[in-house]
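The chain below stands alone and is given as structure tokens, in the form predicted alone.
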């Protein structure tokens, strides 16, 4: 088995290779032609090998690199190709809202699956996307990775910034044996929201360490408002956590100004990545290979 890292997921790919038993780990050679076209080349002997290719698709450049690397692996004669897309871009456009629009998530899922024998992603925006892959597809959760980190810290209450994250907060609460609550969220526009505490909160908040748990932090508006609301309750400390840390524009600095700590998993490189999903991804890869032996 070999693990190949795309440029968007180098560190995570190396961690996955260690979790898989220190299997060979490789970095492809990439360059740009004068006209801007991307060139990739994978070194090493891959013929007859199982290959795990790891690349998040935060932007168009990452996506194109992934598709070219998939073909390069196939051209190298790999036996099986498992594509790991830790952060799956375009996931929010998972259905057609207006005539003439694409269902972007489904379209890209189908293209990524063309050369793959299986696909693994982490905390997809919607279960519809998982069903769009035309090959076996699996979804890892970032919750266990964050829980492993939180076990090293005193935690009194887990907070979802909205009811959409109720299941996430509940599962984290089960793993840590801690109470949780979901805030009431009213969106004003794409970057501004109003938040309220629910009528019933399981513990008194004053002096407590509260952890906000989310799947994606992009502009940071919701997290900032949640932190301000909790600060009014005189909590002792506020931690913001997420699976995918996009931290667009000045989001990281804005959140840092109103929290005591910020951390994300390593699906995307960012200043807050402190929890790794490598063990969770490696477990899925091992299980799939065991369940799908080649004759």
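Positions refer to the first chain, counted from 1. Note that the coordinates shown come from a computational prediction; the quantities given were computed from them, not determined experimentally.
Below: the form predicted in complex with ligand R5P, not depicted.
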Checklist entry - Of these, 141-149, 99-107, 69-77, 217-225, which stretch puts a heavy atom within 4.5 angstroms of ligand R5P in the predicted complex? => result 217-225
Item to check | The unique member of 111, 170, 92, 135 whose heavy atoms fall within 4.5 Å of ligand R5P in the predicted complex | outcome: 92
Next on the checklist: Which residue, 208, 128, 153, 185, is the contact with ligand R5P in the predicted complex, using a 4.5 Å heavy atom cutoff?
Outcome noted: 185
Checklist entry - Within 126-149, which residues have a heavy atom closer than or equal to 4.5 Å from ligand R5P in the predicted complex? => result none
